[in-house]
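The data below hold one chain only, encoded as structure tokens and taken in the form predicted alone.
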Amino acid sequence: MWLYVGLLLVVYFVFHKVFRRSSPSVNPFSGDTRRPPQPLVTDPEARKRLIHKGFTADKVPENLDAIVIGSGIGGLSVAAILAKAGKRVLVLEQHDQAGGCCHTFIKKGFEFDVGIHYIGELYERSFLRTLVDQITDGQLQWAKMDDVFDNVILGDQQTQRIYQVCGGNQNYRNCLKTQFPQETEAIDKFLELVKMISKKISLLVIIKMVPLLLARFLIRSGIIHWISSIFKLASTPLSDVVNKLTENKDLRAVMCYICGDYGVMPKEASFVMHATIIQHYQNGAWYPKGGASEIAFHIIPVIKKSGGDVLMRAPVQCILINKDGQACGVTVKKGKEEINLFAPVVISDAGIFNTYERLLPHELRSKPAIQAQLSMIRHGMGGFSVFIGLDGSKEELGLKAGNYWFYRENNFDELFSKYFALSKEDVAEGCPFMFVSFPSAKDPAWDERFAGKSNMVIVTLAQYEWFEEWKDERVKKRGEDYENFKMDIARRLLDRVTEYFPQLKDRIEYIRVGTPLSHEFYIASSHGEIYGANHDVSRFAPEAIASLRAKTPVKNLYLTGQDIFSCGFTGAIHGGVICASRVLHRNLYNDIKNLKKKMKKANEKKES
């Protein structure tokens, strides 16, 4: 017993040193930088100057403190945090628009978001809201979605059952109990587990931020499980937990439906990963006012304020390594020319596979420490999206500010297994699940930009291998077979949607389809992944949690974004905080929490 007490004291001492010690770096969250929000900027040229600014060598700021590869939210957030600490940061984006999965595109008078469909935990003074407000100077505004933010539709048209998921902690619980009155005990136990995990989730951050040797000692000695049961639950499949709670197959499905948000079937999914997303949405969901491109539009000025910039059409070819084996810059391709840019810190938001397997020199890719990390993960599923333009306003079409999850049956493990095993020839016939959303109904600023129009997006998962034969063809020139194949899948999905929403059938004006190859081209995701490295139980084994961290085995090279924490906007932005904490040698989580306390006191003083 005394041995464990002694070890715990050692762990506490190291945690204290790592998380509480003073840092010589500037606190980027020392004060509240919010300003009164300005009117929405709709002028195309004004927006283009920020989110479409093209790369040329003469636009690169001098004396850079850091270079960030990729302008997804993981890259933009770490760049903005470093900028708030006085660092001059250059963000390089291979696409022609900043934002990664937060970017939008406009076609035929319709705007479509490619990855931001809804975000939780954005109520006033939440941790996430405080962080986002500070890295946008309070300019990014959010619209609360309907109380019923998710609808789960099980079965086909003849057998369908519709279940609603409501925002608000007690409302969420009561809504489930109303629909499953015989299952109140199972619902309470499920939500108690979710609550417990939400209280302990910071341990997953801590294990990524303490020295790796200490983390491995805690894991291999078993102390990690003595500290908390969350690490055991992280390695426990979702279906194992849910199946023990209830025999009701529809309730199991409703407990598991949101696994579509990270693309893993319940028997392979980590219960902790799943519970974290459940908790994330328990208070409801929000959508950015003005659309997803507002995210990059309001973060970039914060980066520029410290002398940095965000430049597009800047594909990074490789990470430069000096004679001491340290990252010291990147090579950017501009036409036929290759331009070397230098900085003492290089941060990659390009994903762990792209960073290690494509951007590092060959001699470093084989380092045992790098290969060890890669052996812990595998590629995630690809995404398949259908973007639809509709004639009519949300009022005319009866559209709600909520999401719709369609599953052909309530046994998700069987459903996913059968679908993922399909051959390319059978895919169009067998797409058994999809996510449907109406961004135009969520955005209160939509009508002033696109009056009398609406939009819809359908998202499902897809194997990269189904489309691989066209991967070497030029985008938009992949041929008739490719176009027919993806349209066949899209039409099947649309048929099911218009069965449920018959009023939309004759109002479709525009259709565009994105496949894993689209993701690979536009956001440079390896194998067309929609959520980065696969979010299965192996990724959430304690050793993998500890190893997938911001600091890489290459000195001065860091990772940010969803591959070092978890997927989605929130997971990627936490990746940014973890990365910035490591670069600045300070615990930014404490800094943000302290700022929250200051803001609360200031608000109370103002109201008194």
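The structure displayed is predicted, hence computed values, not measured ones. So that there is no doubt, residue numbering starts at 1 and follows the sequence shown.
Keep in mind that the form predicted together with a small molecule is not shown, yet the notes after this line are about it.
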Can N354 be called a contact residue for the small molecule in the predicted complex at 4.5 Å between heavy atoms?
-> yes
Answer yes if any heavy atom of C567 is within 4.5 Å of a heavy atom of the small molecule in the predicted complex; otherwise answer no.
-> yes
Find out whether any non-hydrogen atom of S71 is located within 4.5 angstroms of the small molecule in the predicted complex, and reply yes or no.
-> yes
Is the gap between Q94 and the small molecule in the predicted complex 4.5 Å or less for some heavy atom pair?
-> yes
Select, from the options 231-239, 129-137, 410-418, 312-320, the stretch whose residues sit within 4.5 angstroms of the small molecule in the predicted complex by heavy atom distance.
-> 312-320
Ok, M273, M265, A215, V114: which has a heavy atom sitting within 4.5 Å of the small molecule in the predicted complex?
-> V114
Taking the small molecule in the predicted complex as the reference, which of M434, A524, I187, L504 has a non-hydrogen atom within 4.5 Å?
-> A524
